[in-house]
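First come two forms of one protein chain, each written alone as C-alpha cells, so that there is a structure 1 and a structure 2.
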Structure 1
C-alpha cells in the first residue's frame, strides 16, 4: 500500500458533535493502522460563523480523546506542523486562485453572472425544469462511478455545470476541498455518508485538474436512540456533544472505545477493547453500511466498566479533579485516608465520576437530605421505629473494628429479636444516609464511626 494520508476537516462554527468525533476517530484509526499520516485541516472560510473559541474546542476535544494529529495547526496556536500548509482554509486564498486559473486556462471553467462555473464535458441541450420553473441547460455525461470502500460501487449523475467561485469572490466547499486534498496529497477520504451526494462533483473536479481521485469511504450516519425520536443525531440531542462527556468526567478511553464500535465491527462480539487492539484490527472493510444507533445507556455502561477497572490511584486522581470543580469543597478538604476509603467504596457502584457527589454527600456533611419517597416507603413497612430504638441501644456496645464485626453485631441483635438482618438495614441506611442506595450498611457504619452513627440514628429517631 502506498503512503496513506487521511484528513479530518472540521469547521469552527459550533460545538464538537459526536458524529464529527467519530469521523475524526475513523480517520485517525486508519492512519495508525496503516502507519499513515493523520492531517487536521480547518475549514474556516465562513467568516460570519467562525469562532476562535470553537477552534480551540476542536483542538481540546481531539487532544482529550487522544487523537494526536501528524500535520496541521499546533493546538497551542503557535504555528503548524507539516509540509503542506497552511492548514487553515482562510489562509489558502492564493492557492485557490491559482487552481481556478488552471481551470479557466484549460477551458474547464467560465465566468457567468459574476460567478465562476465548472464546465462539464458533453453534448449540451436545454430543457424546462418544472421544479425551478425555468429553462435550464443540461449536459449529456456518463454517470460518475464511485468505487466506495464501504458503500460499494455507487453511480451518480452530474448533468449541469456548477459554481466553484461565488459572485462575492469566495470559493465554494466542493472546490476548496478538492484543491486541498490534491495539494495535501490525501490518499483516502473517510467521511460521513451525507457527503456521498457531493462526491460526483468532486470526481468531476479531479478529472478537470487531470488528477486521479483519492479512495472514498463514506461511513454510516449516527441515528438518534429510539427514546430521542427518529432521524440523524443533531447537536441539539442529549449526548450529542463531546463537551457533555468532558463535563460529566467520562473516561475518554471509554468514549473512544464506544465511538469505534459505532459503525465498525472488529469481527467478534467484544465491546470493551484497548485502543491498541482497535488500531490493530481497524480497517475499512469492517465498517458497516447500515446506520449506527446511538445508545447512551450502553455508553454509560461501558464507562462504568472502565471505571471499575481503574487502579485505585488513578481513580482517586479522577475523583479529586471532579470534586475540585464542585461548589462545596468539603470532600477535597477531608482527611486523605478518609477521602480515599470513601471513593474506593463508591468506585464499584457508579457509572460515571459525576455521580460521586450525590452518591457520597452524606459522608462529608451532617446536613444531608432525606429522600421523602424513600422515607415513606421504609417507614411504611414493619415497625421501623422499634427497630431504630433497638439499633441505637445495640450500636453503643457494638464492635466497629471491621465490616464483619458490624455485620455480626446487627445479626446478633436481629436473632435476639427473632428478626432478620434486613429488618434493620433499611431504616439504618435511611437514618444515616437519607437514601436507600450506596455501599453496604456495614461499610457506611465503619467509615462514619460509632459516634457519628449514634448521633444520626438518634437525630432521625427524634423526628421520625
Structure 2
C-alpha cells in the first residue's frame, strides 16, 4: 500500500467548532494509525470572510487538542513545513492558473459571463429548474460512481457545468480543493458527509485532469442534542466551540476521547482510552454511517473521570492556569501551600476545573454567600441553634492539629450530649461555608483554622 497522506483543510472564516475538530481528529488518527502524513492546508480563498484571528484559532485549537501536523504552515507564522507548499491557498494562485490552462487547452473549460466553467461531456438540453426558478442547461452524462470507504458505492448524477473561476478571477472551492489534493498527493479524503454531494463534481474534475481520484471516506455529522433543537450542530449552538472548552479548562485528552467516540468505537465496551490505544484501533471501516447527537453531559462525565486521575502536580497546574484568569486569582494563589491544600481537597469532587472558584470561595473570603435553600433546610431540622452554641463553646478548647483530632473533638462533644457527629456537621458546614456541598467538615475546619472557624460560627449564630 502506498503512503497515506491525509489533510485537514479548514477555512479561517469562523470559529473552530466541534465538527471541524472531529474531522481533523479522524484525519489525524488515520495518519497516525497508518504511519502516514497529516497535512494542514488553509483554504483561504474567500477573501471577504477570511481573518487572521480565525487562522490563529485553528492553529491554537489543533495544538491544544494535541493534533500535530507534519506538513503545513507553522503556527508561529515563521514559514512552513513540508515540500508540497505553499499550504495556504491564497498563495497558490500560479498553480491554479496552470491547472485552469490545462482544462482550457483540453477543451474541458470555457469562459462565460466573465467566469470560467468546467465543461461536462455529453448531449446538452435545456430544462426549467423548479428550485432555482429558471431555465438551465443540463448535460446527459453517465452517473458518477463514488467508491466511499465508509458508505460503499454511491451513485450521483452530475449534469450541469459549474464555475471553477469566479468573474473576479478567483478560483472556487471545488477547483482548488481538487487541484491541491492532486498536487499534495493526498491519498484519502476524510471529510464530513455534507461534502458527499460535492464529490461528484470533484470526481469529474479528477477525470478532467486525467488523474485517479483519492479514496473518499465521508464521516457522519454531529447533530444538535435534543434539547438544542434540530439539525446539524452549528457554531452558534451552546457547547459547539472548541474555544469554550479551552476557556473552561477542560482536559484536551478528555475532549479528544469524547470526540473519537462520536461516530467511532473500538469494537468493545471501552470508552475512556488513552490516545495511543485510540490510534492503534482507529480505522475507516470502524466509522459509523449515522449522524451522532452531541451530548455535553457525557463529555463532562469523561472530563471528570480524567480529572480524577490527574497527578496532584498536573492538577495544580490546571488550577493555576484557571485562577490566573479569574478576577481574584492572584489573591487566591497568594499562599502557595494554602492554595495547594484546598485544590487537592476539591479535585476529587468537581466535574471540570471551572467549578473550582465557586466550589472553594469560602476558603478565600469572609464574604461567602449563604445558600438560602440549604439554610432553610438545615435550620428546620433538630435544634441547630443549640448545636451551634455547643460547638462554639467546644471549638475553643479543641485540638485542631489534624482531621482526626477535630473529628475526635466533635465526636466527644456529640457523645457528651447523647448525639451524633451528623447533628453538628450540617449546621457547622452551613455556618462556615454557606452551603451543603464540599470536602469533609473536619478538613474545612483544619484548613480554615480555629480562629476563622470561631469567627464564622459566631457571626452565623448572631444572625441565625
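Positions refer to the first chain, counted from 1. The structure displayed is predicted, hence computed values, not measured ones. The term rigid core refers to the maximal set of C-alpha atoms that superpose within 1.5 Å between the two forms.
Comparing the two isolated copies of the chain, the second one is the form predicted together with the RNA. Superposition on the rigid core between the two structures places the CA atom of residue 135 2 Å or more away from its counterpart. Taking 2 Å as the criterion, residue 238 does not count as shifted between the two structures: its C-alpha moves by less than this amount when the rigid core is aligned. Put the two forms on the same core and the Cα of residue 431 is off by less than 2 Å between the two structures. Shown is the Cα shift of residue 336 between the two structures after rigid core superposition, which amounts to 2.5 Å.
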